[in-house]
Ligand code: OGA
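Below, in structure tokens: the form predicted alone, a single chain.
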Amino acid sequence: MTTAALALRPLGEHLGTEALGVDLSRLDDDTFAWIAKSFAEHPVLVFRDQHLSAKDIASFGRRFGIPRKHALVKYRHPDYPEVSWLTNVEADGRIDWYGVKRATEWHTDSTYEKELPVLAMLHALEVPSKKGGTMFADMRAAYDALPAAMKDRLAGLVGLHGRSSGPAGERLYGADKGETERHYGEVPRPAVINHPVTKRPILFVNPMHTHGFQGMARDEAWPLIEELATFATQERFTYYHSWRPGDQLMWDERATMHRGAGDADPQERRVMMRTIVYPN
């Protein structure tokens, strides 16, 4: 494939970009290099009309790093455990109510892991007839727009991250956080990080996993976490992706937050395959 046939098209006013002219099932090195370069500047990339297997998704992920098994054991693909299901349907066809509510609060994936993921991908197989979208927030643009006083405050703060233990995680899941193979402890991370490629500063606080700040009491930390989340998820920083079957979407786990909109009829099937990629 010649890269002359490749192009980018904005999907949202502020975030969300469609990559045109790409067949991910037949990906050559030149096309991948173009995707990687585009992704550094456009942290939510969409590829329409893709026909991908779990093997294809895992192979695409391996071009960026190491796809890793999802923490939630129940949703792992039986043949490719580094790919997992994001679905509201149980194996017997009943509604999976955990799957319905899963990830419907703003978050960045796996910030409670010792090593941060690079990116994540979703591939849509079945989608509701209306709504059922996924929302993304640009945490680079959110940081840029913060008042100077807040930037000064954040410069010295270290966030404390746990598995769904932040204010949004407790609100969404409570004690029902799903079965994992191991216990996850607390991981400290700066409240502001720099993108490894572009070096742009990023607000790195998310209300799902950030449950505090070093040296700060919880009754002060939680309102600050919620304040930052509310600021970062203003319409001017966000993109709502309306899914079509065959969409393959990838997002930068460092530069964005996301959530399932949770606005579809739970009786309608929503079935996707997902993988999360860590550095080599």
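Start at 1 and count along the sequence shown; that's the residue number. Keep in mind that this is a model prediction, so the values were computed, not measured.
Below: the form predicted in complex with this ligand, not depicted.
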Worksheet item: Out of 195-203, 153-161, 73-81, 104-112, where are the residues with a heavy atom within 4.5 Å of this ligand in the predicted complex?
Response: 104-112
Discussion item. In the predicted complex, is there a heavy atom of this ligand that lies within 4.5 Å of any heavy atom of Leu122, even though the partner is absent here?
Written reply: yes
Practice prompt. Verify the contact flag for Leu86: yes if a non-hydrogen atom of it lies within 4.5 Å of a non-hydrogen atom of this ligand in the predicted complex, no if not.
Written response: yes
Worksheet item: Should Gly260 be counted as a contact of this ligand in the predicted complex, where contact means heavy atoms within 4.5 Å?
Response: yes
Item to complete: Give a yes/no on whether Ser165 approaches this ligand to within 4.5 Å in the predicted complex, heavy atoms considered.
Response: no
Worksheet entry | Contact test, all of Pro43, Phe64 and Arg140, partner this ligand in the predicted complex, heavy atom 4.5 Å | no
Item to complete: Note that this ligand is not shown here; using its position in the predicted complex, name the residues of 118-134 with a heavy atom within 4.5 Å of it, in sequence order.
Response: Leu122, Gly133, Thr134
